[in-house]
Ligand code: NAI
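Encoded as structure tokens, the following chain is the form predicted alone, with no partner shown.
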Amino acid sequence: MTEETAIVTVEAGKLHQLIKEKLMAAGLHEAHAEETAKHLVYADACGIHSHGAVRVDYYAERIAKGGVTIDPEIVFEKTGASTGLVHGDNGVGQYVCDEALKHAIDLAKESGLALVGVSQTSHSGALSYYVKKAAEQGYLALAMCQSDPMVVPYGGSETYFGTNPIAFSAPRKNERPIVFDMATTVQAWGKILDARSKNKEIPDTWAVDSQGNPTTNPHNVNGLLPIAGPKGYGLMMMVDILAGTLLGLPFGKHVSSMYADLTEKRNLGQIYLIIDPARFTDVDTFKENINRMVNELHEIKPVEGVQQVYYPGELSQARYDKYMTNGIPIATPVYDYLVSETIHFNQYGGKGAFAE
């Protein structure tokens, strides 16, 4: 590996505007570009750079080539007292899935519990963005989505499932909600994209090369590894069934490729479970107990070299506060692209799952 790529710090509002303008130049309507830009800035501010501005070039290319429906007919089909399905017509994922979340929350208000699937969407970004919104309105939330095959199953040498992430949130009393988001792989593919953009090595526990050997070079990745071996393998199968097969969508190796044909729609799935805690317990007591849990975690004596025990997602929230105030660090090549006249570099279409 050569020297790491330089980083530039960009004010959050400016970054939002640059992303929005680039997506509109590619063909998105303003409302759709606005929501997508909000989402990508959130991801970068949380330190989830894998799902932030680094994705804009790819999104712009897919949008410009017709792989995203510009005027999607988004339809909510209520299938039961607490169940529903949102047909996204392959609109831009962040907009479609945000609309689906609104329906899921409305359904939870009625019944106390909602299970809502999202059928036919494109890449939807960081799942924590959605569950955080639900928790801010007082609900517990669980979200899962499928992705294209990039993971070597435990004991196997070929890819089958996607990174298939899971996100969870819970409200707290007079505090920000607990929110965490995890891929069912040791690291999300976007983390490797981020490492590529910064020309930075990755740990040898993240991925394997074309020979199935561990690699530290993000440019040589040809398969990701499931978290905790067979346990992560089981989780990614569960996600694929709930966010794909259950919704009548392609599964496993049949899920459409992110890069193969950018003129084609992706037909991805996502699912939300929204829970009103008031239907199960006293809400104030529930939230106070979550606060107590957090405090007790903070009081645990850390091991040598660790400053403090944090609850899952806490460091991400701290980064969000810092970066939204002081500016967001972005890889210089990504920033240079955003301020350029180039709509996209035409570099993703027709490539494999691990395209440069």
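No experiment lies behind these values; they were computed from the predicted model shown. A residue's number is simply how far along the shown sequence it sits, counting from 1.
As for the form predicted in complex with the named molecule, it is not shown, yet the points below apply to it.
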| query | finding |
| --- | --- |
| In the predicted complex, the one of Gly91, Gly232, Gly125, Gly117 near the named molecule [non-hydrogen atom within 4.5 angstroms] | Gly125 |
| Site check Ile48, Val179 and Lys191: each within 4.5 Å of the named molecule in the predicted complex by heavy atom | yes |
| Ser316 within 4.5 Å of the named molecule in the predicted complex, heavy atoms | yes |
| Partner proximity in the predicted complex: Asn267 to the named molecule, non-hydrogen atom cutoff 4.5 Å | no |
| Contact label in the predicted complex: Tyr310 to the named molecule, heavy atom within 4.5 Å | yes |
| Heavy atom of Met236 within 4.5 Å of the named molecule in the predicted complex | no |
| Residue stretch of 158-166, 193-201, 107-115, 213-221 approaching the named molecule in the predicted complex, non-hydrogen atom distance within 4.5 Å | 158-166 |
